[in-house]
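Shown below, as structure tokens, is a lone chain in the form predicted alone; questions about how it binds or moves come after it.
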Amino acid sequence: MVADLVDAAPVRPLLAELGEAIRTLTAGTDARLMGLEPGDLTVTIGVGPRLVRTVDPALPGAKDLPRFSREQIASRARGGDLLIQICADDALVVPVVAAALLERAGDRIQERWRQSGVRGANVPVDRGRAAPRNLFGFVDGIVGPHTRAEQERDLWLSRPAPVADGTLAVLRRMELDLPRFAKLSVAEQEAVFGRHRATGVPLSGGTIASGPDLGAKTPDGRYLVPADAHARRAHATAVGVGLMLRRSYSTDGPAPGLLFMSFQNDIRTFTSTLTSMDNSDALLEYTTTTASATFLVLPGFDERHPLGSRLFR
């Protein structure tokens, strides 16, 4: 869910109240759950560039996303002040928690748009890690900062103090042209992604967890991973950026699509990657972006340190 803060509403008490509601909801002690067990419920809160700039325009998260090609985005679906991401295995929990948080916020926020999504069946990747398939049938989100060292380097913000231990989120909603993609042969589909559809293994060989060998060629000099394959155009080394943690969700309304989320500690990780894709990524021929925003995801909180208190003093 993406919302705007009503201008007269102070942000610090709003975030503190949302944080308290999240604590009781995830603990299962909030009567607004109406008897539902929270299970593995998580709620992620982010604040948009406009709010970050009120604190310091130089802070990470203060810049809006630029515009890219293949976008058809209404003004209401671009940007926003507040991200509320609710995840749970029990689908019933999500709208109940959303209603509870909106009730707690009252008339201090105005909803822009919301989108529900699901994760596909998981495919084993490596050392207990798994990744889901997307609506195109391919394993999604194989590469990312999975080790602690990679996460400290590419995921979590380390400074300045008000945002330390937070991260930057990018949110993109896309419609997918499934009928046109489905008309491709399996080999053509695999050339678009740069991976085998059935296994997720790169076309250059190895295992699903192997990074694609971008220099590997056939005996006649053709790249095994095509020049315009998604696995090449979005590859962190080829782009020259860090890794992004991707969490994508398949959607079915109003058209089949993808709710893409990436988390990184430098917004250039995303913008440089998408610029590389914009120039020549075969996958983008089958996508249209209909919503776009970026948020500073706030660090964790507790009773002594309310949500957002380090940033909004």
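Everything numeric here is computed off the predicted structure, so don't read it as measured data. Just count from 1 along the sequence shown to find any residue number.
Separately, the form predicted in complex with another copy of the chain exists; it is not shown, and the next lines address it.
- This chain appears without its partner; in the predicted complex, the one residue of 239, 73, 209, 135 with a heavy atom within 4.5 Å of another copy of the chain is 135.
- 114 is the sole member of 129, 217, 114, 153 with a non-hydrogen atom lying within 4.5 angstroms of another copy of the chain in the predicted complex.
- In the predicted complex, residue 278 stays away from another copy of the chain, with no heavy atom inside 4.5 Å.
- Within 4.5 Å of some heavy atom of another copy of the chain in the predicted complex lies at least one heavy atom of residue 181.
- Contact check for residue 268: no non-hydrogen atom falls within 4.5 Å of another copy of the chain in the predicted complex.
- Not displayed here, another copy of the chain is approached by residue 94 to within 4.5 Å at the level of heavy atoms in the predicted complex.
- Screening 269-277, 62-70, 29-37, 282-290 for residues having heavy atoms within 4.5 Å of another copy of the chain in the predicted complex returns a single hit, 29-37.
- Taken together, the three residues 103, 252 and 256 all come within 4.5 Å of another copy of the chain in the predicted complex, as judged by their closest heavy atom.
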